[in-house]
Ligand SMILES: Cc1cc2nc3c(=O)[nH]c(=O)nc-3n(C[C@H](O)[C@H](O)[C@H](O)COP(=O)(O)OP(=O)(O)OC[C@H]3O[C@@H](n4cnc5c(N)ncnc54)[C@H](O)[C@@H]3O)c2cc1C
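Take a look at this single chain, the form predicted on its own, given in structure tokens.
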């Protein structure tokens, strides 16, 4: 963008928003050059937006979009910024729309169990607000404290409580979205269920800001449970813990969420010598329900050869783990995380090939205690963390490894990403997961909503060859 155009655009934005809500100096724009994606070292902070703006209302967002639409200037919507796939990197410059000031709770409708909010409120802030009404959103994702409602919707964020309550995709009832031409779309009525109309709100879940900018969301909420509990048990290895997980998922017991994983330093939690893995099971509901479910899970642990953790240790673990689990998602060291889905009957084969074939080939190593994990419940995300390659061609080998892991997961009928989205990192890899017809349909939807390709261009969809 040449300086005369930049000056004209700056004046238009300042006239609309006021000088304090328009950022343009390099030092102010530095935090907006990337998310937590591991970009190539020499490209770190290479991509600057031309401006970052901080609107507070739908009308201000509409004005920004109209300005950008006239000039065909790229727009990048931003929530909490914890994304790990590069969907916030301003690869073509443009205007980054930071929604962090749009955090008002517009309505709490307790009788109909819904809340209407602006997109910039964090999940933690919303739950704190809802507690006063005896309600909660139930969207407990790793970036809980910094992820915004708009960002969670735009990435289809995963929830640790998904078995009983679903994830954010199951919470969305209606959205208000500013489209690329500046028009305002209300996707549907604020009702808990309807069989009328197309489910337009679903188009914006996991869209990563490529179809429009969410300015308001109506979400289903739940009554706060009377009580909660956790059952935790230790196993010889991950595959023994996985046996318990499979039994739990097949049992029909209504737990809230659970995780089985290979741990590190489990002796500090009272695990007997030789126990390397654990499973914890979260329970929420009325007292009698939770007590009965806890007894059921304990019996299951006994039948599968697990060693029950002391209850006070399990409760303390849950508090500490939640803090660290949330905080760990914001760390951006020389590591990356796998968040894939593969059918359960192929999971062991997936991990064997991942760690015994692909990892040595590209020089990636699992982090201690994070080699295997399974989110237990309806969505069953398999995960693992690994250190990035070092030395010659490190970046290229990292990208090649990501590609080969994607090939492996999809060859088993799985998905490249159960959460975290696509962004830049998986943009070319999703062609492994979707047919040409499906990708062309997505491109047609993109062209319909955004004919000039100004909404977060270069993300999500591969270029047609």
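This is a predicted model, so every value here is computed, not measured. Numbering follows the first chain given and starts at 1.
Not pictured, yet referred to below: the form predicted together with the named molecule.
- Note on the partner interface in the predicted complex: the residue among 377, 94, 306, 157 having a heavy atom within 4.5 angstroms of the named molecule is 157.
- Residue 84 is the only one of 371, 201, 171, 84 with a heavy atom lying within 4.5 Å of the named molecule in the predicted complex.
- In the predicted complex, no heavy atom of residue 65 sits within 4.5 Å of the named molecule.
- Residue 78 belongs to the set of residues with a heavy atom inside 4.5 Å of the named molecule in the predicted complex.
- A residue is said to contact a partner when one of its heavy atoms sits within 4.5 Å of a partner heavy atom; residue 138 fails this definition for the named molecule in the predicted complex, lying far away.
- With a 4.5 Å cutoff on heavy atoms, residue 354 does not count as touching the named molecule in the predicted complex; it lies far away.
- Comment: 147-155 is the region of 362-370, 127-135, 147-155, 265-273 lying near the named molecule in the predicted complex, near meaning a non-hydrogen atom within 4.5 Å.
- Using a 4.5 Å cut-off on any heavy atom, the residues of 88-122 that reach the named molecule in the predicted complex are, in sequence order, 88, 99, 119.
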